[in-house]
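Quick setup: one chain, the form predicted alone, written in structure tokens, and binding and motion questions come after.
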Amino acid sequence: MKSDSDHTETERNPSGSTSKVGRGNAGNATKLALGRGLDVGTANLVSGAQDVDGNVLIKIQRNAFIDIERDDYTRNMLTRLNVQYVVIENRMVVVGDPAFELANIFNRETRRPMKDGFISPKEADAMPIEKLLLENLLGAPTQENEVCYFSVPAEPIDAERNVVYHQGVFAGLLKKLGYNPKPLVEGHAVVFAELAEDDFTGIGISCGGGMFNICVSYKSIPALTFSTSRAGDWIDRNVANVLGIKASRATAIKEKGVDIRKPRNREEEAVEIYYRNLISYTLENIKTRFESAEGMPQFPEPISIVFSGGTSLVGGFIDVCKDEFENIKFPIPVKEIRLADDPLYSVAKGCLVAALSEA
């Protein structure tokens, strides 16, 4: 499987999804190998496929929507902006990145089908919106019952949540689209995507919007998996609270180019404070769980720790991780702490690796 960072271009369509498409043989561009990967994230949904030339095809869609008053003016405005919408119960609904942009324009919060890593129990429109987003990202399977590995969170250590219902919901949605759904723990997907040269041995961390997912793996076998409920949304909520702004505005501040090593103003200082706290919290929990878990393998060589996910994209993230790592006494030698090659696509690529190996 070729890396999608080689020979790729990025496209954005009116629905707000982004595609990274390999520049393979033009005649084979739409011919896909069997097997799909899907990262079911709180902030983003990401799908992965591979064409017959070995190029990885990535599509990404912000996992959000906003409902707008249904009238001629709004309909004409969305048409002029080339923004797609659907009508649900007599309301106009915009999904993906355009929803996020409209929320900032109107000073509103986007609605989220997922919360804290799981399908939202308080969002009545979650199911039809997720179905629509998955149809946009995946399309029809190449053949009936094509394998699609989708990411699921590990059991959280600091919250009372159950993975069973969430896993069942997305398995059901994928079945309705004609796929054979198979769950893969999110941190394990990072190991598949990023640690092939280390014989799939090390620690993969997915830094999402709703949760951080951690997997300690030895030769591709997960020895320890868990998640924490502090993640990107936790930063946004806390930054919003201390600054007195909407959470969507805090997200926009975080994504516009902050470097947490050198904040330039009060807003960026708030982002830096909560990022550093989150990173320290995550590393301390890995250390504690590592020391207390039974049956941990003996690692003969120093291991790598790889961070991925949208929350890891902020400037200076890995440098702060290294700083905070120096403050703890980790129980085994670590040779490197690094960012994934394509942090936003790592989980989808790991799910794709699992699907292709089975197909």
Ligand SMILES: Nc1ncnc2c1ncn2[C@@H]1O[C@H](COP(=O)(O)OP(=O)(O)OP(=O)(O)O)[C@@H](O)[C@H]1O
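Nothing here was measured: the structure is a model prediction, and the numbers come from that model. So that there is no doubt, residue numbering starts at 1 and follows the sequence shown.
We do not show the form predicted together with the ligand, though everything after this point is about it.
Novice: Verify the flagged residues Thr251, Tyr275 and Thr311 against the ligand in the model of the complex: is each one within 4.5 Å by a non-hydrogen atom?
Specialist: Checking in the model of the complex: Thr251, Tyr275 and Thr311 are all within 4.5 Å of the ligand.
Novice: Of these, 312-320, 296-304, 65-73, 327-335, which stretch puts a heavy atom within 4.5 angstroms of the ligand in the model of the complex?
Specialist: Single hit among the candidates: 312-320.
Novice: Exactly one of Gly96, Gly210, Gly187, Gly202 has a non-hydrogen atom within 4.5 Å of the ligand in the model of the complex; which residue is it?
Specialist: For this set of options, the contacting one is Gly210.
Novice: Since only the chain is shown here, I'm wondering whether Gln50 would be in contact with the ligand in the model of the complex (any heavy atom pair within 4.5 Å).
Specialist: Gln50: no, not in contact with the ligand in the model of the complex.
Novice: Is Leu339 one of the residues lying within 4.5 Å of the ligand in the model of the complex, judged by heavy atom distances?
Specialist: No.
Novice: Taking the shortest heavy atom distance, is Glu194 within 4.5 Å of the ligand in the model of the complex?
Specialist: Output for Glu194 is no: heavy atoms all beyond 4.5 Å of the ligand.
Novice: State yes or no: in the model of the complex, is some non-hydrogen atom of Glu155 no more than 4.5 angstroms from a non-hydrogen atom of the ligand?
Specialist: So Glu155 does not count as contacting the ligand.
Novice: So which residues in 211-235, when you check the ligand in the model of the complex, have a heavy atom no farther than 4.5 Å from it?
Specialist: Read in sequence order, the residues that approach the ligand (within 4.5 Å, in the model of the complex) are Met211, Gly232, Asp233.
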